[in-house]
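This text opens with one protein chain seen in two forms, each one given by itself as structure tokens under the names structure 1 and structure 2.
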Structure 1
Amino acid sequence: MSKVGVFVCHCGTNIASALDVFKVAEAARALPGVAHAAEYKYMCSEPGQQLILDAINEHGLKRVVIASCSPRMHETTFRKMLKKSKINEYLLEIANIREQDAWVHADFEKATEKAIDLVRMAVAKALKDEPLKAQTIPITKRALVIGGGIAGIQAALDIADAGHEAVLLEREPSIGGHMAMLDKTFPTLDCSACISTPKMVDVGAHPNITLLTSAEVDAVKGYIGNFTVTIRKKANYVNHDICTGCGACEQKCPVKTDSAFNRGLSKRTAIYKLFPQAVPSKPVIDAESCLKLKNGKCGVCEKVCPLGCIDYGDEDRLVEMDFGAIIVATGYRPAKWQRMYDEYGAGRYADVIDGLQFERLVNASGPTEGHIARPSDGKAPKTVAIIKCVGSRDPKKGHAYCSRACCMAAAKHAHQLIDKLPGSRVFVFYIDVRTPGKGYEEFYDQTRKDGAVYVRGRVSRIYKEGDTLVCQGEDTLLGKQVRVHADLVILETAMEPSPGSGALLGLLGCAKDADGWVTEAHPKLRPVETQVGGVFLAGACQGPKDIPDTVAQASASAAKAIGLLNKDEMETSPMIAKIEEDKCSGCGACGPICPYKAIALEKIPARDPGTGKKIERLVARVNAGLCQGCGACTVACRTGAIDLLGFRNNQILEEVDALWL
């Protein structure tokens, strides 16, 4: 009979005051298979662990049952402890007599009785435990960073600086993301381009970084350390290998279409660079507006290009690359407020703009070269209304969540208006002012001192009166209606998950929350990991964030990826599905159950039971790298040929039986 040692923890008085730990140990001693039982004040403590290790030696124990707090608390602790002993660390069971007994029951006798039952179940299972050994899988030393905003840029640079290869994927023709559109950053008011463009240039020049712009993820296969990603390099009709970015094509292109980078406040050509500081600094052709690609007429850019870079026959190309780690940094998009707020004109008034449009208006490299001119007539506004929480904190029309960065963006915009347009009046409509960040509250205070008028209340309606837009709302502090006749209205809109990020998360197998943000593995303790091993997250794809938080998270995410890539191979949990090929009939019922596609049918040599002839027959095989150990497949197998190590059928059955022995 295998010798089991049972160790009952008092957890100070946490357990000992709610049930009779001595009686539990005594009852354990009488169980079949139990060679030794003891109780102690704190089993997880140094002396507690030593007590267990000593007992293993003294009594020649082969398996260990610890009756203590939840296995979710200390299973890892005790496994580590067993590594110091002669016993395999998987020959361990934990009876949860704290969270699921001592803490939830008031009746001392009944709680004791239950504890004895739980120990009996644990002993029964422990008797069927088998030594398990963690497997190792190789790691591909390359990381994929999806999204070339500041989060992706930072993560890629950190990984590359640590000496690993990084591939930075961006679907737009240039990296930079939203930060490249901003004029100044709060609270220090340093110019956004001045701090982000050097990083972009670093990315372009870094020997360890491969930059793939106009590219998207098409398919993802594999698992932690061993991903194979199919990348779609979208046709851009310009051969970047030879293009020098001279710009001749852009100057001659006859097409004028809305510039998305300038948020529709200016026009661009069909062959274009996203913005002057774009990285790579080379143009692409927008197939939707190019005359040559639309109807075969034009071809001017081809004629003027001195190097013959233009290729109207360019097509999407698919490339497969292997990666060990993936960082999702897909960012956000500003909410489409026009669809949510009919009362703000739903886009009918040219002078109701969003915060990002204002960033372009006030930006020296923007469409007005930094002169704040309202879109309708180009006049400098004298009175400006800024409305916060447009789409945020408004579950009826937009989202329930707070978008976090808009309070400070509003303060910054107010400051910039007062600074650039002396004598102008700025009204900021707000629900609350949230400024938790270094130097944030001070900045907000200063803005108010400089003259911004903060009005507590939501604007209920914007309407046109003559040349002005009337913002009507309630000042909830004064308790009366206010009307502001504004020349320009700036809406600080909510952040929403970047379009297409949902599909990408689906390819990666990552979960997203009800609003579409990536779900982290643990909101507090594993904030940059996703539920998929080897896939990390950075920046606003996880939820609204400002730049400092985004960059901090990007570096954290990179550190996780670097930690993974530093290893040559990694251990995987041995508690995975296992197939007994003798029993497997190859029916394939298990395969479709597996969420990780870890089960495949393979032919193995065998003999015909009737004739003894050599044959080949199908059996299921489990890929240890893919299997996550959920065990859903085991139920589909009628014969029990597929079983889950650590939670085998017979182990669970023993637990059930133990209750009614």
Structure 2
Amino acid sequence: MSKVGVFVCHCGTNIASALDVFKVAEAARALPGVAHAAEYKYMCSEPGQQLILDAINEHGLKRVVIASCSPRMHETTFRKMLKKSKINEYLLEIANIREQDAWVHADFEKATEKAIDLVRMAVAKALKDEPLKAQTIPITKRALVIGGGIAGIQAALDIADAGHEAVLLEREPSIGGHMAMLDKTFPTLDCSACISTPKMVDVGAHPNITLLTSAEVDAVKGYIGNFTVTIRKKANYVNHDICTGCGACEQKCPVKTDSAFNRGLSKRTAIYKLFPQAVPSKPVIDAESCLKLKNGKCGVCEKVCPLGCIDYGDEDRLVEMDFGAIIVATGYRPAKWQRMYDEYGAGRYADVIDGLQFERLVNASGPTEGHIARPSDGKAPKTVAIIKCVGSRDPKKGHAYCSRACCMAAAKHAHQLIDKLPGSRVFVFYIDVRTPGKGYEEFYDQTRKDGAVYVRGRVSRIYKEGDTLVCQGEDTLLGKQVRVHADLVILETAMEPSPGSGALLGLLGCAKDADGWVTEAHPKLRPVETQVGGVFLAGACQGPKDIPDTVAQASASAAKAIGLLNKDEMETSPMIAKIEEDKCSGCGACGPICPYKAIALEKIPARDPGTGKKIERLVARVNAGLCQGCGACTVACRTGAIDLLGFRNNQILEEVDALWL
């Protein structure tokens, strides 16, 4: 019988305070097949790992069971440790006596009994474990970055600077994202364009970066190191290969429509650049507004273009490219507060605007060239109300989560109002003030010293009274109702997942949480990775973030991608589904249930059982690069042809027998 070593971890007091680790180790020594058992305060530490390695050599152990925390936390750690020994790293079992026992039970004796049971089951499975060998797959030396905001820009530049090819994909006609809309950044009040525009220019000029704007992901195939992505390059009706961006077409276009970049506060032409500093600095035609494309009339832009760049017959094109790594940097969108808050006017009042609209008003390149004016009449407001958490921390109407950046955005906006409109009064309605970043608390304090009045409480409704807007709410510190007559109301709205991100995650096979944000592989140990190998995430696609955190995470995801692209080949986990083709009926039930699209039906040579003639029959095949070993296919298989290596049926049943027999 194979010699099993059992090692019980105290995990400091996480485990040891809730159960008797000494008694667990003692009970393990009496189990069939166990040749050695020991306990230690921190088994994952260097001395703890050395204790295990020494025991392997001293007692000739063939298998190892570690009773500790979740395998999600340290299974990889202990597998790496076993590579230093003579034991195959997959002859390891983790008995989770922390999350599944110590942390959920208050009864010391019963927790100890359960820990012994968990160890007994792990030992029984370990005796049935088989050595597994990892396979290797080649790596395509190119990364795809999806999203051209500051996160995508930073990630693409880091990858390109490391010497690898990067393709930056952006669905809008220009990169820049929301940061390009901002006037200043908190807490230093640096010019936002002064930070982001040079980076945008660097992207456009970098020899290792291919920039694809007005483009989206259409399909994704493959696996880590070997993704094949179909990209839809949307028709923009302007030949960018010869266009110089002279602007003659924009000046002569007779059609005016709302500018999405200026948040509806100004108009733009049907042929347009997203904003003056756009990269690429070339126009596109909005097919929904263009008279020529809608009804065949006009055509002015074609007539005035000196180089003949206009192409009304342009169509969407599909481009297929191979990548080794993918970074998701799809960002966020401001919440549609008009749908949530009828009591705030639901968009009926022109002078109730959101934070991004204010950013455009106060921006020198905005519709008012930086002069703060009411949208309704162009007059400078004398009293302004800023309402925080509109759509955030409000599960009844909006979202339960905090959007993180709103508190500092409100403080920044209050500061800008007081600075640009001397003598103006600014009231900030808040639930709590959260300032967790470097220099944030000092900035908030300075805003209050400058004269901003903070009122703790929600605004229950906004209504028109004469020429002003009345914000009615409660001051919870004073315990009384308050009414603020404001000329302008600014709503600091929640961040929501970017539109279309859900469909993209479906193509990639990535999970999302209940609010639609991308789910990371582990919030602490793998915060920029997803459960899909080779797919990383950056910025606000994972959840609300400010600019410093976004840039930091973008560089972290780029570092992960660079580490992958630096390899010529990589190992894949051998703990994947295995199909016994003799048992497979080719029904295909396993394919649709696989969340990683790792199973496909293939034809193989066979013989007709009745006539003996050569025929072809369908069998399921597993792509080792895509399979993540989740086991969903094993329960869907009607003929029992699928087993999960490392978790075979006989291994699991051995655990069950050990517990009950």
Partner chain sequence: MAVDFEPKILAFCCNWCTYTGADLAGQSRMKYPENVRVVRVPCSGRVNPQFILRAFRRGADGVLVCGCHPGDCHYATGNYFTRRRFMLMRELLEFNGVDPGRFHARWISGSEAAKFRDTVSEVTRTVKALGPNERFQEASGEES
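Residue positions are counted from 1 along structure 1's sequence. In this text, the rigid core denotes the largest set of C-alpha atoms whose superposition between the two forms falls within 1.5 Å. Every value quoted in this text rests on a predicted model; they were computed, and no experiment measured them.
Can you tell which of the two structures I gave is the form predicted together with the partner chain? Only structure 1 matches the form predicted together with the partner chain.
With the core lined up, does the C-alpha of Ser281 move 2 Å or more between the two structures? After core superposition, the displacement of the Ser281 C-alpha between the two structures stays below 2 Å, so no.
Quick check: Tyr312 between the two structures - does its CA shift reach 2 Å or more after fitting the rigid core? Not so; Tyr312 is displaced by less than 2 Å.
On a rigid core superposition, would Arg458 pass a 2 Å threshold for CA movement between the two structures? No, the C-alpha position differs by under 2 Å between the two structures.
Please give the CA displacement of Leu601 between the two structures, in Å, after core superposition. With the rigid core fitted, the alpha carbon of Leu601 is displaced 4.4 Å between the two structures.
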